[in-house]
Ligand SMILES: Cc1cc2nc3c(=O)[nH]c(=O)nc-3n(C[C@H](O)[C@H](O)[C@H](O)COP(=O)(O)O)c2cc1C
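Let's start with one chain on its own, the form predicted alone, as structure tokens.
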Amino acid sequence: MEIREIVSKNRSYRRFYNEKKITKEELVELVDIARLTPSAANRQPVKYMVVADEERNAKVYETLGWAGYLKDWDGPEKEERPTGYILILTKKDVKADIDEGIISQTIMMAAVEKGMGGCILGNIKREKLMENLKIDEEYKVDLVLAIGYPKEEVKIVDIKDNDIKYYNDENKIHYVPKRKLEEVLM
């Protein structure tokens, strides 16, 4: 796959084939790719926790908020939930937004290359997640990357009437409005 195709296929997937399990080793491989990314001042402050077993997956899932624009949807049904997660952590006094953005996008593009997909989640009940997974108090969870084999079809469409909100149709096809090239060039 060329980079344009990988980026186009790298959508926020929220429904997955639960019978296709992600392994801890596959998640570690994605982290190994991510650790090679650029880091502001080469500080490399980000730590990772990988989760790929059903019991801990459930503990992560219960702390996540899914798809704010889809008001009538509470997240994937049990049989459509991600089968793996990568938690992005830093020490409490560290701000690493740039690193975390680069890392998260890199992980998601590497997942797409392997036939997987995922969703970068920031709507997290952080204290509950820290408690659920017994994460050391000197760290904070900044992002959770939900990973699986996508079950949904996602289509990019042009923005109409300046409405950027993503939506699903009656067939559960997920649409993501994007600005046209001529609208973003200055």
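One-based numbering along the sequence shown. Remember, predicted model here, so these are calculated numbers, not experimental data.
The form predicted in complex with the named molecule is left out here; the points below concern that form.
> With the named molecule left out of view, which of W66, Y149, Y48, Y61 would have a heavy atom within 4.5 Å of it in the model of the complex?
For this set of options, the contacting one is W66.
> If you check A34, L143, L129, A52 against the named molecule in the model of the complex, which one has a heavy atom within 4.5 Å?
After the contact test, the surviving option is L143.
> Of 25 to 33, 121 to 129, 53 to 61, 39 to 47, which is the one stretch near the named molecule in the model of the complex, taking non-hydrogen atoms within 4.5 angstroms as near?
Careful reading of the contacts points to 121 to 129.
> Can I173 be called a contact residue for the named molecule in the model of the complex at 4.5 Å between heavy atoms?
Answer no; every heavy atom of I173 is more than 4.5 Å from the named molecule in the model of the complex.
> Just to confirm, K178 within 4.5 Å of the named molecule in the model of the complex by heavy atoms?
Result yes; K178 sits at the interface with the named molecule in the model of the complex.
> Mark R15 yes when one of its heavy atoms lies within 4.5 Å of a heavy atom of the named molecule in the model of the complex, and no otherwise.
Because no heavy atom of R15 falls inside 4.5 Å of the named molecule in the model of the complex, the answer is no.
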